[in-house]
Structure formats: structure tokens, C-alpha cells
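Only one chain is given next, in C-alpha cells, and it is the form predicted on its own.
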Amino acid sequence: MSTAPNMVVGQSKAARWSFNIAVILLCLWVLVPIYLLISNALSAPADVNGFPKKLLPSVNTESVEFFIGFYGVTKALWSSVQVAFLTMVMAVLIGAPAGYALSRFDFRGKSLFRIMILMTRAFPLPLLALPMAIMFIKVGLDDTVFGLAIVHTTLALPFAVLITYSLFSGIPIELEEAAWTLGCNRLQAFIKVIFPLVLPGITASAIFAFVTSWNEVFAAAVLTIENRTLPAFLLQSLDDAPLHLKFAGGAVLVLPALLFLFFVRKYLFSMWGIANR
């Protein structure tokens, strides 16, 4: 009689162990490359090329200091910050209202329109690079921070629209209707009732836009010369550089994005329903 409960308990333990192992492997998959990047960036040049590797490297900031002091790095880093910030703002200002309209209003071709928004990501950027560069030159947006931010916003906008659409669709319209009956107009009801509920999700879409812009390299390399972002600058300058400088450049590129995600992590956790203690 006790065989069935024992089998259930055994299956439960096996499922728990399988889940824990999967989480550990996923964490290792994400953290090990970051550890190798940071540890090699903070190692002496001789240790980077040496073998066997030390588990805990002797901290040596020579490579990072040399890279940061290299001509053009700080300008490229500042350009990356500007472009990513503008992309984040424009993606939210355009994507959030579009997501709200898709969730609250019915119109002919609504489902097709949602699919077409996602299909914009199907067009390969290299195919559009030449006509886009010619158009930007004609309108005076070539080699500008704002012009590149427009391109990055185009890349991030489909996901911003779909994320906010899902968020607004999950909030009952009865909440807005109740606010209308209490004297609020549509804008006041949105600001006082809906906006606080969707703020974590909007922040998550802003984070996605920021990271998309920060990591994008092809459009930045094609459309800019004097105002290159850091990924495009690294692609141009570190092709034949020593290995330790490549690790230093990668660390300088990755760390700002990691810090940004660290400070806004609570909004991501709130979106997923995870209590951040």
C-alpha cells in the first residue's frame, strides 16, 4: 500500500534535483564567460597568454588602464551611452502608446498588424545598410548620435510594442472604467491607475531597448565615422590588437551594461512576480 506514495515522493525529489541541476548549468553558462572575460582583463599580459590559468588572477589593471587611455575610447563610450539612452527613451515613448492602443482598441486588421510589427525584425540589417546610409546622407543624419538612435529604436521597437501590449492586455479594462465613473478622463485614469501597474513592464522594455542599442555593432559601423559607438570602435581598432587588450575592451564594453541591469533589476523581478528582498 505504501508503494505509490513512495514513488510519488521519489519522482518529486528527482524533479527537484533535475530542476536544481538545470538552474546551476544555466547559471554556469551565463557566469563562466563573464568570469573569464573579467579575470583575463584584470590579469597581467603574460598571464593572459600563459597556461595553466590561475583560478584567482593576480589583479593587474595595466591592460584596462591602457585601453581606457587609448585615443577615442572615452568618446566612443560616451557615444554609446547617448545612443542607448535616446534609443531607450524613444522606444518607450513610441512603443508604450502603441501597445496600449493595440490592447484597448479594436480595428480591422489588428492581428495582421501585430504580426507585421514582429516581421520587421525579419529583414536583415546588412541588406538595408546601403540604401539606409544613402538616405541618411541626404537628410543629414549620417554620423550623428540621433541618426544611429533612430536605427536602434527601429530594432528595439517591435519588442517594446509587444511587451507593453501583453502588459496592458493583462490589466482588466474595468479598472479604467471605474476611474472614469469617478470623474477621471482617459489620460487621468491611465496615469493614476494603469501606469503604476505596468511600470515594471515598461521598465523591462526600456532595459531591452538599452541593451539592444548597447550591443549593436553593424549599423554603428556603417553609419558613423567620427561618432562611433564603443562596439563599432572595438571592431575597428582591436582587430589586430594583442589578446589582453581585446579582453580589456570586452570588459569595458560589458561592465556598464551589467551595472545598469544590476541597478534596475527590481523592476524585472517585479514584472516576473518575484519578490526582491
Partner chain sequence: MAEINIKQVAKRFGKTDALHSIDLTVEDQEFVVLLGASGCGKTTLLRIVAGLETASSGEVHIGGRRVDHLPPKDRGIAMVFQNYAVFPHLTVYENIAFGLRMAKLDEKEIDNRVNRTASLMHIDALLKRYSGQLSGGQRQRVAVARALATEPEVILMDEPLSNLDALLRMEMRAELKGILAQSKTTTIYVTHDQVEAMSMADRIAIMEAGKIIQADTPVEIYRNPAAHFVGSFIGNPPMNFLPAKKMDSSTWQVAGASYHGPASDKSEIQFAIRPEDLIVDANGPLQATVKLVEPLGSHLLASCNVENTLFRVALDSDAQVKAGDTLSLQPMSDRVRWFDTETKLALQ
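Positions refer to the first chain, counted from 1. In this text, rigid core is short for the largest set of C-alphas that superpose within 1.5 Å between two forms. These numbers were taken from a predicted model, which means no experiment stands behind them.
Absent from the display: the form predicted together with the partner chain. The rest refers to it.
With the partner omitted from this view, the residue of Leu162, Leu86, Cys184, Leu77 that lies near the partner chain in the predicted complex is Cys184 [heavy atom within 4.5 Å]. With a 4.5 Å cutoff on heavy atoms, Ser166 does not count as touching the partner chain in the predicted complex; it lies far away. Heavy atoms of Gly140 never reach within 4.5 Å of the partner chain in the predicted complex, leaving it off the interface.
Taking the partner from elsewhere, Val193 is found to have a heavy atom lying within 4.5 Å of the partner chain in the predicted complex.
The partner chain is not drawn, but in the predicted complex it has no heavy atom within 4.5 Å of Leu199.
In the predicted complex, the partner chain lies within 4.5 angstroms of at least one heavy atom of each of the following residues of 161-178: Pro172, Glu174, Leu175, Glu177, Ala178, in sequence order.
Core-superposed comparison between the shown form and the other one: the C-alpha position of Lys138 differs by less than 2 Å.
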